[in-house]
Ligand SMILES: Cc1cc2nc3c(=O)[nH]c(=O)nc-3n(C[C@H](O)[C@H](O)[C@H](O)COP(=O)(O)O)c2cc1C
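Presented below, as structure tokens, is a lone chain in the form predicted on its own.
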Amino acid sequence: MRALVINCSPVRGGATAGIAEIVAGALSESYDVKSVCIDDYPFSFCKGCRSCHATAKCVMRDGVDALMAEFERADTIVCVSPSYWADVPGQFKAFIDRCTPWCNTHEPHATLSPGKRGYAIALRTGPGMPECERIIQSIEHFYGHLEIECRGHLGLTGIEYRPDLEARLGEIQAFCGRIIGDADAG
């Protein structure tokens, strides 16, 4: 089994990256894990040309193709996203926009192999969960249109810096245990 863990933040050393590292480490006991940062894949913004609605391919060839190849190789995908103004970071949103060729709302569309499982982890600095829930909804909406089965999510509040993760380590590890349990259950 292969897992893809995505740091949806362009910050490679922050709290989001720390959570992605914890998840990748925990899952490595049961999965072959690939951990990436959204900023590892340079790509352009969607031009809105809708060529992909007729061809199931984007007219641009760039990092989106490479990242989608990672999605294809993975059985389980875990997106870890911080809150940027109560939603996913712009870099991740731009990636989602570029995934229109794989979106199941038009024919023809590109497809991923069936049976993929998706998980979302959202974090924010403040104390309220509604912001995390909005981020989770964005990720799960994205998964749905790629026909990735949403299997679970975790919202974490009060996290600004890596040291803040220590108090939440048990919660993150328990969530990883659920992901591993889902894989073991078939």
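Note that residue numbering begins at 1 and tracks the sequence as displayed. Keep in mind it's a predicted model, so treat the numbers as computed, not measured.
This protein has a second form, the form predicted in complex with the ligand, left out of what is shown; the following refers to that one.
The contact with the ligand in the predicted bound form, taken as any heavy atom within 4.5 Å, belongs to 160 out of 40, 32, 70, 160. In summary, among the residues 44, 125, 55, 28, the only one with a non-hydrogen atom within 4.5 Å of the ligand in the predicted bound form is 125. Note that among 116-124, 47-55, 32-40, 142-150, the stretch whose heavy atoms approach the ligand to within 4.5 Å in the predicted bound form is 116-124. Contact check for residue 169: no non-hydrogen atom falls within 4.5 Å of the ligand in the predicted bound form. In the predicted bound form, the ligand sits within 4.5 Å of a heavy atom belonging to residue 84.
Looking at residue 174, you'd find every heavy atom of it more than 4.5 angstroms from the ligand in the predicted bound form. The closest non-hydrogen atom of residue 20 lies beyond 4.5 Å of the ligand in the predicted bound form.
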